[in-house]
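One chain follows as structure tokens, the form predicted alone.
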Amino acid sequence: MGEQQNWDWEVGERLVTDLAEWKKAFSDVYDEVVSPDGEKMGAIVKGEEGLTCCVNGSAWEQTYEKVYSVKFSPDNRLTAITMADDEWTTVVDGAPWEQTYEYVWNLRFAGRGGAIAVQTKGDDGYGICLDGKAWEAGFLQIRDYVLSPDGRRAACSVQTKELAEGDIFGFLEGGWSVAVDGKPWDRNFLNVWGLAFSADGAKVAAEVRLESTVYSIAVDGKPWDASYGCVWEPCFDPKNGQVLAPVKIESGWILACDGKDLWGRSFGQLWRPVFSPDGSRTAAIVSPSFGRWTMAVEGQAWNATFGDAVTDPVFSPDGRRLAAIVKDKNRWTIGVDGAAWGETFDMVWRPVFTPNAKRVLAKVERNGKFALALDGRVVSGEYDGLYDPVIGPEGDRVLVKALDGGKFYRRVLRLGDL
């Protein structure tokens, strides 16, 4: 939110760039992305010398054999993974990282400073490169990774023991662990998934498989005393640092806190717990009956249920309200505080609350066109492309980043006029 204070919030419309002009200069333009502040559009472009990236019509100087995973960082830097002369690296605003690898993938950001990380494969094995600095030791294999909230640390599930093909007994002894900043935990497990950092970046939790059908949650390498038939990804309570995770017991799925039942009730399924901004309330996606989905807040499920999906829950800034994407009978909409919007859409995106928590805004799609919906009502024109809306720090304006007729516009509208 602090960075947004410095954005241009003057009401009005501005043409940022015209893709028609790009297409005159390049034989191909694709994978368009837009910066968070709406001041830049980036894309992969193909010229006579090869592939590169372009920002607002100006191409990077260097060209590459391959370019992918083009994204803007939270602080508005265009970032991409590139390959030249069979070597892969990460390029930020046209400047490549010094070190190159056999392969690079899974580009991610974290922290207000826009920390940038990727997974790498090099001569010494697999690892993580964070802001251009690689882990010193490589591993036999790595899977998913996470960054600490401040972007200074990285943790990844890693294979620590080499196994011969078909070595079942060696597998059952455990050959996977978690490496934090390149250093693995002291203990191995059969499998490790679903990593999470604490809010202060000091601790790491993960799903672990202890035996063939026995699972638990480990924090800094130490499993909970309790074990389960299955577990989902853990998370840290931002208020007190306790670890929460959905776990399966005989009666169904419960939300466990440091190995104990937090809500005192079970569901047919439970996953993706989220916290209110102050950490005082907890919610999760649940299945109260077979084939039906909804949200539960502090263990109390919404009355309304949905047959297809519930995802992307979001608490309001004051923690009193909850919204989520919901799907029923193959139609998408937004559910807020237990009630779905009346209008449905071909697709909807993550909802956004105003700072005063009174209104909910979302990007929606119908018949291949995109628009904004406010409290269930479409309030904008239809666009060929639309990027995530941003509500201003004062809560009275909204930034609309729209592609219309091949032209990218940055529009700031008064929320009261919608």
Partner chain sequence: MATFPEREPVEDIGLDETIKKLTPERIEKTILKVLNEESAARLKVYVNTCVHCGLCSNACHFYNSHDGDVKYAPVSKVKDTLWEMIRKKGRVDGEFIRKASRIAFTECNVCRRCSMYCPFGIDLAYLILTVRRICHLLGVVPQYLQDTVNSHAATLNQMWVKPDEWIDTLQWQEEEQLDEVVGARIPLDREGAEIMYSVIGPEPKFLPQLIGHMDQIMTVAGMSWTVPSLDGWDNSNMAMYSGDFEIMARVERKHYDKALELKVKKIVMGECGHAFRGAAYDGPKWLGWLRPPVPLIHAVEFYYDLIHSGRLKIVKKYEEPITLQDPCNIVRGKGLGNKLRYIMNATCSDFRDVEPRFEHNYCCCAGGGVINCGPPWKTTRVNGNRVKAEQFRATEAKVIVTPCHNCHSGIEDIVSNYKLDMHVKFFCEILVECIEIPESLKV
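On a predicted model such as this, the values are computed, not experimentally measured, just so you know. Residue numbers count along the first chain shown, from 1.
From this point on, the text means the form predicted in complex with the partner chain, which you will not see here.
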{"item": "Stretch in contact, per heavy atom within 4.5 angstroms of the partner chain in the predicted complex, of 316 to 324, 288 to 296, 197 to 205, 237 to 245", "value": "288 to 296"}
{"item": "Trp349 within 4.5 Å of the partner chain in the predicted complex, heavy atoms", "value": "yes"}
{"item": "Val231 within 4.5 Å of the partner chain in the predicted complex, heavy atoms", "value": "yes"}
{"item": "Touches the partner chain in the predicted complex: Arg77 (any heavy atom, 4.5 Å)", "value": "no"}
{"item": "Heavy atom of Gly166 within 4.5 Å of the partner chain in the predicted complex", "value": "yes"}
{"item": "One residue of Gln141, Ser280, Gln99, Gln300 in contact with the partner chain, assessed in the predicted complex (non-hydrogen atom, 4.5 angstroms)", "value": "Gln141"}
{"item": "Contact residue in the predicted complex, chosen from Tyr126, Phe109, Trp185, Trp224 - any heavy atom within 4.5 Å of the partner chain", "value": "Tyr126"}
{"item": "Sequence-ordered residues of 270 to 287 touching the partner chain in the predicted complex, heavy atom within 4.5 Å", "value": "Trp271, Arg272, Ser287"}
